[in-house]
Each structure stands twice: as C-alpha cells, then as structure tokens.
Ligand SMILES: Nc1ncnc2c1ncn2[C@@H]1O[C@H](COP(=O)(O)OP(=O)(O)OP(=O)(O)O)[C@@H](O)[C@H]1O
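What follows is a single chain, given as structure tokens, in the form predicted on its own.
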Amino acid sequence: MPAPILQVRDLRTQFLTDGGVVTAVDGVSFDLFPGESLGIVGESGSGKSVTALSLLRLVPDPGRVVGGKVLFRNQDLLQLSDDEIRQIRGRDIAMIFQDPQSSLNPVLTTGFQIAEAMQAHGKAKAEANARTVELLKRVRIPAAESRVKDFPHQLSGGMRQRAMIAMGLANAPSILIADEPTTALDVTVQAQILELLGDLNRELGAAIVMITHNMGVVAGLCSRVIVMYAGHIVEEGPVEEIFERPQHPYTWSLLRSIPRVDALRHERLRSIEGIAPDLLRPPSGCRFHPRCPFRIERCFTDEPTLEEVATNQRAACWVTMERARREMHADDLLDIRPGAGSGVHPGEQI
C-alpha cells in the first residue's frame, strides 16, 4: 500500500448553541490514499459534511474544530496560518459543494469564476482563460468556447454542477472533496455526473472523497466507504465487502432501506425505526442502540470503539465484536446482510 496522502486523527468539531455544545464530529479518524475514491455516508445530521468542511477549516460560525490532526503531506492543516491554508485550498485540496447555484456568483460569468480560481494561485490570465475552455470540454459541457461567457443562471442544473467540477479541477488538486454533488439533480443527470467523476478519478489520479447519504452513489463510484452516525464512524471497509456483508446494524439498516425494484410489488418500503439522537444530549453507550434491532445489554452503557471484525472491515458494535472474538467461523458471525434471515426482529435482544 502507498503512504496515505491524508491522515485524519481524532477530529472533533463543535458548535456552540444557545442550548449547549453540539459535538458534530466526535473523534473521527481515517486515511485517504492517492488516487482512491472514498465514500462517507450517513443520514442527515450524521456529521459527514461537517467532517469534510473541517478538513479545510471551512466550518461556519458558531462551529469550531476543537481537536485532532489533519495531516496532508506531513503538514497539520489545523495548525497552519490563514494565509497558508488558503494556499492549500483550491490548489492541493479542492471542494465541490452541494448547491452550485449558491456557490457560483450570479453577477460574474462562469468562465471568469473558473479562471479566477487559477489566477488566485499564480496562473497568468491568458493561460487561465485557455485552460478554462479545456476544463469545460473535459467535464463535457458542449460549445465550451461560448459557454465561458454565460452567467450561472443561463446554465442548466447539470451544467452548473459540471462547471463547479471544472473549478475544482482548475489547479489539478491531489484531493477532490465532493459534498452531495448530485442531490438536486434528476437521476439521469446524476448518473452522468457520477460517470464523469469516476472517469476523472481514473484519468487524473486525484483522490476523491464523496460525501453522500445515497448508498447507490457509493456503490457506483467508491472503492472504500466510511459509515457515520451521530458524529462517529461506525463502520469502515471496502465497498464490495460492506454491501455484501455489513458488520454494523446501522449499515445493515441503511442497505435494507434501499428500495428494490424486484420487491416493490410484494414488500412495503422499509425505514430505520426512530430518529437520529439529539447531540446536545446523546444517549449513553452506543449511540445507535435506541434504534438498533440487535442491541444487547452492554450497548446501553458502554460505548464501542472501531475494531477489526472481518478482513479489511472495522466496526464499532458490541454484538459483532463479541461474536468475532469467539474465533468462530465467518458464517457464524452476525449476518446482517440485506435479506439475510437473522431471526431477530426490531426491539428484541439477541
């Protein structure tokens, strides 16, 4: 394995609210490798977008990164000065935001804004303008030479998102962070954007961090996935293994709630019981236990940590860890694959 290009260790981000302190990211640690496509998935409020913003110190007030390290090429980004981190943003690590309509300036042409991102990092104006046209062609915007003169409102939603991707690629970054880049798009355009990101990942070799709540997006683009819940990482591993054999009940629940075309006539749509916890007053023990159909007594009192529970897979679950520690055959581990017959029903204990 090559050395990680990004190492995140014990990252903690808090928001000071009138009701108290909300720890939106609570002890998150992971590695990102060169050229990798990593998915960070979870429900709204799980902390995935705040994690991405924390990496580049873009958390809005009243949020603060209060602990941890973000090591990029042996530099801790959390310790850099404002001028130093601005040199990293857009040049070495770029970010594509969820809503291009609010990210693009409505009174400036799209081409000007893409070229400006390059000029801010030292490119000459003529060179930046020429590369802008190349970038728009690369992200498959037709008639790129004329589109550079268009304002954002003159572009369709899909084209605006492609323009944001072009802006992110402007300085050939080593890492591209995409925060829900397909949420507001219809499924056809969504598929085109994902195909484009996958092609760019392979052609340019940039590592991609995909922030999403959509497990289908993860399956289509990513090679490895991190599952977050209530500010914690609850599972991590290769996409194929996690989709085939999830080791945390929350991951199992997410996969189980994906609508299946072959089952729609015979089954009701499934959902995860209950709601995500209030992070002002998080539950004791495992934060997922109030909603978990597999919970045992220890889940109510002790908070689990990420441990290796299967080959290349880590999970923070007492049920999975206890069974793995018995050194039983893999088939005897907690099988919480979608559709697997566990014999356990919501609300029951194993």
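Since the structure is predicted, the reported quantities are computational estimates derived from the model, not experimental observations. Start at 1 with the first residue shown and count on from there.
Same protein, other form: the form predicted in complex with the ligand, not shown, and the subject of what follows.
With a 4.5 Å cutoff on heavy atoms, D61 counts as touching the ligand in the predicted bound form. In the predicted bound form, at least one heavy atom of G47 sits within 4.5 Å of a heavy atom of the ligand. The closest non-hydrogen atom of L176 lies beyond 4.5 Å of the ligand in the predicted bound form. The closest heavy atom approach of H213 to the ligand in the predicted bound form falls within 4.5 Å. Highlighted residues F72, D92 and L204: none comes within 4.5 Å of the ligand in the predicted bound form, counting any heavy atom. From the list 26-34, 39-47, 285-293, 299-307, the contact stretch for the ligand in the predicted bound form under a 4.5 Å heavy atom rule is 39-47. Among L279, V148, L194, A128, the residue placing a heavy atom within 4.5 Å of the ligand in the predicted bound form is L279. Residues from 11-37 that approach the ligand in the predicted bound form with a non-hydrogen atom closer than or equal to 4.5 Å are F15, T17, V22, A24, in the order they occur in the chain.
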